[in-house]
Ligand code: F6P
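What follows is one chain in structure tokens, specifically the form predicted alone.
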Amino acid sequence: MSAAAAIATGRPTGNLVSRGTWKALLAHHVHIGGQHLRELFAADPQRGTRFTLEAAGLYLDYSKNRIDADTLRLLVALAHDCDLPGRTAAMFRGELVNGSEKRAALHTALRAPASERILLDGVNVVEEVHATLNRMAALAGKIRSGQWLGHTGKRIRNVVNIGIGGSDLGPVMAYEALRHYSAETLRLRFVSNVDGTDLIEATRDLEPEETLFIVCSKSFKTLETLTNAHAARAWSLEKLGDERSIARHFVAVSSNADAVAKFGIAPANLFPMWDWVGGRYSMDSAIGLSTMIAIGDAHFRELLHGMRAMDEHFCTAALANNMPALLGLLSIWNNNFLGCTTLAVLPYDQYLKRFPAYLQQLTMESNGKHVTLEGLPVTQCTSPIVWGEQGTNGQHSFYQLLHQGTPLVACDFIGFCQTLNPLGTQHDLLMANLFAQTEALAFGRTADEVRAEGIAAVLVPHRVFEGNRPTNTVLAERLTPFTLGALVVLYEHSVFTQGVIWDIDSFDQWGVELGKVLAQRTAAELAIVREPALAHDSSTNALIRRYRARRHADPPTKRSV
């Protein structure tokens, strides 16, 4: 989008760092940057309850950020200056907010109630969404009840989702997060890596007669997914023998009906994937078919209700009391003003073990951009690097760096007041660790406090904790499908908020293309029996030649079962 086009649509233009609201934050940072959280809490006894929000069943405590009331006021002013409310409304209306691909980003329609009308090119997409949901529910119901039989008449007991990126990370995260609600009679597996080990290990203990594959690829051309799908097809046919069996053991989520039919999948078992849904925003579309099969239609719709609840909050709440907007603005503050270029996501619930990986793609693929919507270089750091680990595991891995390392890392802690699996006092211990970590990161331990404990002088520097490290804490009653939905959308709209402030396209992902193109070229070279003419750089040429010379030198021994 050109600057002229941006002006015509009413979208604010101009270099972010030249905005008065940005300059005001820079000046404010000079004032507050040297203050410690100890001082901020001492100056405001109510801070721990005043800097909190509740929405869609989630409670956000953001009091342990290095901010004050003026920081929040200036951040909200920046959001208005960048027209966050207008850009939000445009996204929900289905306008072409994905400028480089000339597409809408209407993932919010995936959880809209059936009564809502959202028109895109004259078509009410909500009707299409609910028609697909009903078809998904019918298939899931048949599989869960045992009515869907494989080619030999056996019940389906195993479901293998084949996808990559958003077609894998969303479903596997949701499955792991909601395993408590999953059918015990079904085994679900997920294959994404083109490394043959992934598929072999996923199917090693499965019987083809009892296995259904879900192939998820919008184009049905994604190299990794189609390579795995054809390998799964061969694995299935090796036992079943009959090409007609594919129709009973494979379904697809795609927009390429011809390619799906050529693969052998029946048209009735093709579920649509629309251009207006990006892969990393698709877990509540037909990409979530494996999730629905696992947890059932009712629980899947509860997940959608939680997502919708956070959507409505984001659309209606004033920015000063808007949880996703504030989370995004705080990330802007921590990243661009305090220098926190990484975000650690730390869920204190074993079921959320894949949530940090899910947020890696959501955040870094959305906002890992180097130019604005006009194609101009950005003037500030964009997406933080997202990483993390669940529960107390991380405490014995990388928390040393969080507490005493030189990088300043922002942290989001996620916890639940009630566990789904009571076992003695273990949940109390788990949550005690969460609360203790946020307290220690905020307030640390001074040299005087260390000396007061009788620590030898030579050890005092090693036992000091600087503190003043920013954290958010998200609490909910328990991990339910509704809660998971709200949590996912909290971060979706936080990411969108950050993209609006940076004036980048959060919905394209051109950065994944170049590697794919070069990989296809190199794969063709590796397939040539004779030495191919190589025209790469000297390093890549040498690596290819070494691989070709050695790949068949020592064939592996077959693993015994």
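Numbering starts at 1 and runs along the sequence shown. Not measured: the values here are computed from a predicted model.
Keep in mind that the form predicted together with the named molecule is not shown, yet the notes after this line are about it.
Residue in contact with the named molecule in the predicted bound form (any heavy atom within 4.5 Å), chosen from Ser167, Asn228, Ser331, Ser290: Ser167. Checked against the named molecule in the predicted bound form, the candidates His313, Arg111, Lys218, His249 yield a single residue with a heavy atom inside 4.5 Å, and that residue is Lys218. At least one heavy atom of Gln361 is located within 4.5 Å of the named molecule in the predicted bound form.
The closest non-hydrogen atom of Asn65 lies beyond 4.5 Å of the named molecule in the predicted bound form. Taking non-hydrogen atoms only, Ser494 never approaches the named molecule to within 4.5 angstroms in the predicted bound form. Proximity of Thr483 to the named molecule in the predicted bound form falls outside the 4.5 Å heavy atom cutoff. Only one of 510-518, 495-503, 530-538, 37-45 lies within 4.5 Å of the named molecule in the predicted bound form by heavy atoms, and it is 510-518. Not one of Thr342, Glu389 and Pro470 places a heavy atom within 4.5 Å of the named molecule in the predicted bound form. Within 4.5 angstroms of the named molecule in the predicted bound form, the stretch 263-285 places a non-hydrogen atom from each of Gly279, Arg280, taken in sequence order.
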